[in-house]
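Only one chain is given next, in structure tokens, and it is the form predicted on its own.
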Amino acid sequence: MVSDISRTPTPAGRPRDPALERAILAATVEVVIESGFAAARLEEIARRAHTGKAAIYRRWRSKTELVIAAAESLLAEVVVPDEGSLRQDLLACARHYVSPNTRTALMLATVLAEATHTDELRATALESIGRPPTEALRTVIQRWALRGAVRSSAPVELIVSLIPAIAFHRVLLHHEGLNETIVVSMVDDVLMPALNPGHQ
């Protein structure tokens, strides 16, 4: 597979120290899970990462950017799959929302809960976390439409929004992402019939 959608580009001039950056992101995840977004303090994040606030601000312009970057660091890279069939590509897109562990789900739940009433966090989360996998799914469906595997009247925009809506609902309410059983059921029982009944 080739990744067609990249994450937020690194600001020009930011010092390159991958180990320190990983430490800051890991500390951010810990503090946000423990304290929530609003109560998370950069001083505590810097202390746990064994660095100073200046090192954080050289990399991220605000706490919002830092928290979103920390959440992104737990997620799989977004790719536009080309597995040879519409079904397999849909499965690959849906599997992006399968949380590998409780820590990831808790971090996402904290961010999403705060985003419901914080405009800056909501906009940043939608752009950095929500948009890339949604665009990947839209690209897959459009490509298979050109190949004749998607009916012209298919509700593409509704389908594109369906998987993230279910995934984020589970994260918020149950603190867990999708699992393989749910992914397969969504694709086989909902998406495939909606896009092209009978096509495999």
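Just so we're on the same page, rigid core means the largest C-alpha set that superposes within 1.5 Å between forms. A residue's number is simply how far along the shown sequence it sits, counting from 1. These numbers were taken from a predicted model, which means no experiment stands behind them.
Just so you know, the form predicted together with a further copy of the same chain exists too; it's not on screen, but the next bit is about it.
J.: Do Thr104 and a further copy of the same chain share at least one heavy atom pair within 4.5 Å in the predicted complex?
T.: Contact with a further copy of the same chain, no.
J.: Would Gly52 count as a contact of a further copy of the same chain in the predicted complex, using a 4.5 angstroms cut-off between non-hydrogen atoms?
T.: Looking in the predicted complex, residue contacts with a further copy of the same chain do not include Gly52, since no heavy atom lies within 4.5 Å.
J.: If you check in the predicted complex, is Arg95 within 4.5 Å of a further copy of the same chain, heavy atoms only?
T.: Output for Arg95 is no: heavy atoms all beyond 4.5 Å of a further copy of the same chain.
J.: Taking heavy atoms only, is Thr116 within 4.5 angstroms of a further copy of the same chain in the predicted complex?
T.: Because a heavy atom of Thr116 falls inside 4.5 Å of a further copy of the same chain in the predicted complex, the answer is yes.
J.: If contact means a heavy atom within 4.5 Å, which one of 66 to 74, 32 to 40, 141 to 149, 53 to 61 is the stretch that engages a further copy of the same chain in the predicted complex?
T.: Heavy-atom contact with the partner occurs in 32 to 40.
J.: Would you give me the residues of 160 to 184 that have any heavy atom within 4.5 Å of a further copy of the same chain in the predicted complex, in order from first to last?
T.: Ser161, Leu162, Pro164, Ala165, Ile166, Phe168, His169, Leu172, Leu173, His174, His175, Ile182 sit within 4.5 Å of the partner.
J.: Is the C-alpha displacement of Val80 equal to or greater than 2 Å between the shown form and the other one once the rigid core has been superposed?
T.: No, the C-alpha position differs by under 2 Å between the shown form and the other one.
J.: With a threshold of 2 Å on the C-alpha, tell me if Ala115 counts as moved between the shown form and the other one once the core is superposed.
T.: Where the cores coincide, Ala115 still shows a C-alpha shift between the shown form and the other one that is 2 Å or more.
J.: For a quick test of reading the superposition: does Ala40 move by 2 Å or more at the CA between the shown form and the other one, rigid core aligned?
T.: The answer is yes; the displacement is at least 2 Å.
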